[in-house]
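Below you will find one chain, with nothing else, as C-alpha cells; this is the form predicted alone, and questions on how it binds or moves follow later.
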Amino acid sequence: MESAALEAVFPALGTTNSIRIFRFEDRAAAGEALGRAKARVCALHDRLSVYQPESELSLLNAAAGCAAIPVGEDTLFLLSQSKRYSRLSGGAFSVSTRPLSALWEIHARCGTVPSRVEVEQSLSLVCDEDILLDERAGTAELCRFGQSVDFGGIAKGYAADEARRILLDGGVTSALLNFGGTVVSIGDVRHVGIQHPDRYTGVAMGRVALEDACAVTSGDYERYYEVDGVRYHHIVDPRTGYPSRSTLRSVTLLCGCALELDALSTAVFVLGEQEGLRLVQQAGAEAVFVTDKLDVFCTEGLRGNFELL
C-alpha cells in the first residue's frame, strides 16, 4: 500500500535516531509498530547506557570486583556477544575499555593528552574474559575493582535489529532506519552515502545501494580533538590504550545483522586494511574502506553496487 510516510525521530543511545516507514499492510498496525519500536529503543537506552546512573550497566560497573548482580536478557545477550566478537577479532573489539574511554574523554574536555602511566593503568583493567556470566542465574560480574564496560560499540546495532523485527511483525514492507550511522533498509533499495572524512557532515564521497540489509560506518572524523597538531579520535585500540593508528579513516560494512556490523566495524577500523579485510571475509560481510590517503576500496561483492561521487 502506498501512503504518506510514518516517521519517528528521537534521541537515545547517544545519538539521534530516525525511523521512516514508507509502505505497510495496514496503516494503524504500522503506526502501532512504530510506537513499539521507538519504545523498545528507549527502554534499551535506559537499561544499557553507562550515562544512566540506574542502568544495569552502571550497576554492574559499580559492583566491579565485589559481587555478581542480576541483569536482564538484553544485557546478558550483549555481554555474551561482546565476548564473542572480542575473541573473533583478537581483542580489537572490546566492551571492557570503559576505563580507557573515560580517561580519554576527561583529557579531550581539557585539550590534553593522558600520560603513559595513566594509559597503562587504565589498559591493565581491559579484559573481556574478566566478564563472568551466569545465564541460568541471570547474573553478570566484573572480576576486578575498577573495571567497567560500555556498549557504545554494539548497542545501536542491537537496537536497530530489534526495531526492524518489531516493524516487520507489524506488517511494514518498506522502511529506513538510521541510528547515528547504523542504517537498516527494509524492502526497497536505498542509497546510503559514505561520509567524506575531511568534509562537512553530510558531504559524501561515495554511496552504496542497500536492500533488505544493514550498513554501519566507523570513522575517525566524528569525534576528535587536536594537541600540538596531532589528532586524537574516539576509537581507542583496546590493545594499546591509544586512539587507533591503523591505515583507515573510515570503514563501512554491509550484511544482514546490524549488531554484528556494529562490533565488526570497530574491530576492522582498529585492525586496518589487511587484517580487517580478513575479518570481513570471515564474517561473510561486504566492506568499503577509506584509507588515510583517501583511497577508496570495496570488496568484490560490492563491485557495481558502489558509486564514487
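Numbering starts at 1 and runs along the sequence shown. Quick caveat, the model's predicted, so the values are computed rather than measured.
Here the subject shifts to the form predicted in complex with a small molecule, a form of this protein not shown in this document.
The candidate spot formed by 190, 195 and 255 lies out of contact with the small molecule in the predicted complex, as no residue has a heavy atom within 4.5 Å of it. Stretch 231-239 is the answer when you ask which of 231-239, 197-205, 70-78, 112-120 has residues with heavy atoms within 4.5 Å of the small molecule in the predicted complex.
Residue contact with the small molecule in the predicted complex: residue 174 places no heavy atom within 4.5 Å of it. In the predicted complex, the small molecule sits beyond 4.5 Å of every heavy atom of residue 215. In the predicted complex, the small molecule lies within 4.5 Å of some heavy atom of residue 223.
The shortest heavy atom separation between residue 152 and the small molecule in the predicted complex is within 4.5 Å. Checked against the small molecule in the predicted complex, the residues 142, 95, 184, 163 give one hit for a heavy atom within 4.5 Å, which is 95.
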